[in-house]
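Okay, so here's just one chain, in structure tokens, the form predicted on its own.
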């Protein structure tokens, strides 16, 4: 089976490419309709008094053709873009095999992340550059929506159900996380960040945080001194 194209395998690239096609499409349609409207305004402008126009008479077949053909052309274009969107969505939902998984529990009003080694963070997710990241999400109270604008991904988290999203951080940097579903009076304060680190820097941080979870060995009791006989 052939590998998917790069813009299909990366959510951000895929959505950006599809959005570009939509913008080009609606721009062309808008320009065509603007020119047609301008021509109608000029052609059917107000004439001197008592002047009567003589509209062309169309046969039933011509009337149907002038209706069906333009509708077919514009709808075909819309269906083409919709099909590309469905293809991109299906490809995106197929998570890459080589990935890092993180558990996310959302709640009023924070994002609580748990790594595979037990490390926990709140409102800050640290990930290595160059590796896809999957979030397995649930909620402890109500409906939330984990939105990472820079990676063009958003998915709801809800009580009693596990959902997921994935993104592909390619270079170090910071990215905003926000809740895109109204969840209460402090909804606008429910934000966080994704911190993308160089791979080695992430590994060092990951190991250091895991070491903090190791139990501290109990101190051995001091040996009692025995009295010497006189």
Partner chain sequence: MNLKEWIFTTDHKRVGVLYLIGSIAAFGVAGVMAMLMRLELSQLGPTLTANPTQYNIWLYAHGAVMILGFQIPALTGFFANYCIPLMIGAKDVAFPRVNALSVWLFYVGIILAILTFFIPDPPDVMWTGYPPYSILTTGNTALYTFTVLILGFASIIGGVNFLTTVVYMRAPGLTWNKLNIFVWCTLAAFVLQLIFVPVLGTAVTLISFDKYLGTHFFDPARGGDVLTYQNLFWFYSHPAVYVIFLPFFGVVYEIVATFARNRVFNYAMVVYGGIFGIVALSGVVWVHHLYVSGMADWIRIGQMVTTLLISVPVGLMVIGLVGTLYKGAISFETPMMYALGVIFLFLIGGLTGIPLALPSLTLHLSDTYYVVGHFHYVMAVAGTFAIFGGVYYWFPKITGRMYSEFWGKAGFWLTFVGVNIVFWIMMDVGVKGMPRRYYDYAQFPQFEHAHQIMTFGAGIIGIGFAVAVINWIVGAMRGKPAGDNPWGSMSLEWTTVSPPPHGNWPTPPSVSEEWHPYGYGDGRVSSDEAILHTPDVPRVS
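As the structure is a prediction and not an experimental result, all values here were calculated from the model. Heads up, when I say rigid core I mean the largest set of C-alphas that superpose within 1.5 Å between the two forms. Positions refer to the first chain, counted from 1.
One more form of this protein should be noted, the form predicted in complex with its partner chain, which is absent from this view; the next part is about it.
- When you look in the predicted bound form, the only residue of 102, 129, 158, 119 with a non-hydrogen atom within 4.5 Å of its partner chain is 158.
- In the predicted bound form, its partner chain stays beyond 4.5 Å of every heavy atom belonging to residue 13.
- In the predicted bound form, its partner chain sits beyond 4.5 Å of every heavy atom of residue 95.
- Shown alone here, residue 147 lies within 4.5 Å of its partner chain in the predicted bound form, counting heavy atoms only.
- Mapping the unseen interface onto this chain, residue 45 counts among the residues with a heavy atom inside 4.5 Å of its partner chain in the predicted bound form.
- Contacts between stretch 25 to 42 and its partner chain, counted in the predicted bound form as any heavy atom lying within 4.5 Å, involve 26, 29, 30, 33, 34, 36, 37, 38, 40, 41, listed in sequence order.
- In the core-superposed comparison between the shown form and the other one, the C-alpha atom of residue 116 has shifted by less than 2 angstroms.
- With the core held fixed, residue 70 shows a CA shift of 2 Å or greater between the shown form and the other one.
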